[in-house]
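Encoded as structure tokens, the following chain is the form predicted alone, with no partner shown.
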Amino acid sequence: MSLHLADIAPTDIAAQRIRTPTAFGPGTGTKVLRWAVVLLAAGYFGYLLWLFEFGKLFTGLPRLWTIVRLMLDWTGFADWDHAELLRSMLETVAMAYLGSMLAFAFALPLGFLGARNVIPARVFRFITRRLFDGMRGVDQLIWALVFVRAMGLGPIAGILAICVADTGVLSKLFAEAIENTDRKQTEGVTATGASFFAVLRMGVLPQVLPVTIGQTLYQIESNSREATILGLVGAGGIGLRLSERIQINAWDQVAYAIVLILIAVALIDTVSRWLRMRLIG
């Protein structure tokens, strides 16, 4: 941590000085110092160019152009296995939907357990919130690698990866939404002599349900794209077919799979927007 702060602090100071020229003071020394800062920044930038071998950008351009030409050549379109690719695309959409809906089913009760106005015990709430952080702190791709190792190749690993990661994300969002509910409505239900669970059912849930639906629909949209990446590591769907065709240099079918992904994502976004308008307004 100290090394990180030591690296950042001089940069912040220098940037502040550059933004405020008067801080250097008047005179020739100011110009010299400015030029020194500019030359130092330019030298550091040149060092980065050498360090990361940006020269490969120019040596790889001819190969990139060859790949682009192969992706645009669809002369064998009629001979491709369209059924397999379409089935894989539907598998990816189903993986995103099932993973998100399972996450919603787990996150809704967990969100109540992590809300301050529902669970007053700080220790229990602290442990619950750290559980959320642990699940969402690990990327879906890492979870997918773990589940592929445990379950084998296929969409089950992708569904579980999406479910675990999104449970942590949605639980946190749901808990915050529950904490921000209007107390007057819950107090009114409590005044009727309703039980604790009845208060949650009639006083809290109606307030947070539109928020939870909107957030879940957004996660389905996002996961429809993420599920493709999960397939690249063996979690099934169109991503797995994409990886197979990249390995055998079938770039025309790679382009076709990308087009299918773009169409599917656009359709999901449209349906999700329509559902939000119908369910939430």
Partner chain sequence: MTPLPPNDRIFVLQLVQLSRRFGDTLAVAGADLTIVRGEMVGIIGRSGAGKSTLLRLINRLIEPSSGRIVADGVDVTALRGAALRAWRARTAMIFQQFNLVNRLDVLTNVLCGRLNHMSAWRVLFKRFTPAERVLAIRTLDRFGLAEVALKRADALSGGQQQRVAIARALLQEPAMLLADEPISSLDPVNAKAVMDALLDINRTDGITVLVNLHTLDTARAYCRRIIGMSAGRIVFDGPPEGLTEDVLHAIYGDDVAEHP
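Given the structure is predicted, the values throughout are model-derived calculations rather than measurements. Numbering follows the first chain given and starts at 1.
Below: the form predicted together with its partner chain, not depicted.
**Message:** The chain here is shown without its partner chain. Which stretch in 163-171, 207-215, 126-134, 72-80 comes within 4.5 angstroms of it in the predicted complex, by heavy atom distance?
**Reply:** Correct option: 207-215.
Original post:
Quick one: is residue 120 in contact with its partner chain in the predicted complex, heavy atoms, 4.5 Å cut-off?
Top reply: Although its partner chain is absent here, residue 120 would stay clear of it in the predicted complex, with no heavy atoms inside 4.5 Å.
Does at least one non-hydrogen atom of residue 179 fall within 4.5 angstroms of its partner chain in the predicted complex?
Although its partner chain is absent here, residue 179 would stay clear of it in the predicted complex, with no heavy atoms inside 4.5 Å.
Contact flag, residue 139 vs its partner chain in the predicted complex, heavy atom cut 4.5 Å
Contact check for residue 139: no, nothing within 4.5 Å of its partner chain in the predicted complex.
Find out whether any non-hydrogen atom of residue 189 is located within 4.5 angstroms of its partner chain in the predicted complex, and reply yes or no.
Residue-level check for residue 189: yes, a contact with its partner chain.
If you check 94, 156, 145, 202 against its partner chain in the predicted complex, which one has a heavy atom within 4.5 Å?
Looking at the other structure, the residue within range turns out to be 202.
Item checked: The single option of 90, 150, 198, 105 touching its partner chain in the predicted complex, heavy atom within 4.5 Å -> By the 4.5 Å criterion, the partner-contacting residue is 198.
Query raised in the report: Does anything in 165-185 come within 4.5 Å of its partner chain in the predicted complex by heavy atoms, and if so which residues, in order?
Result: Contacting residues: 184, 185.
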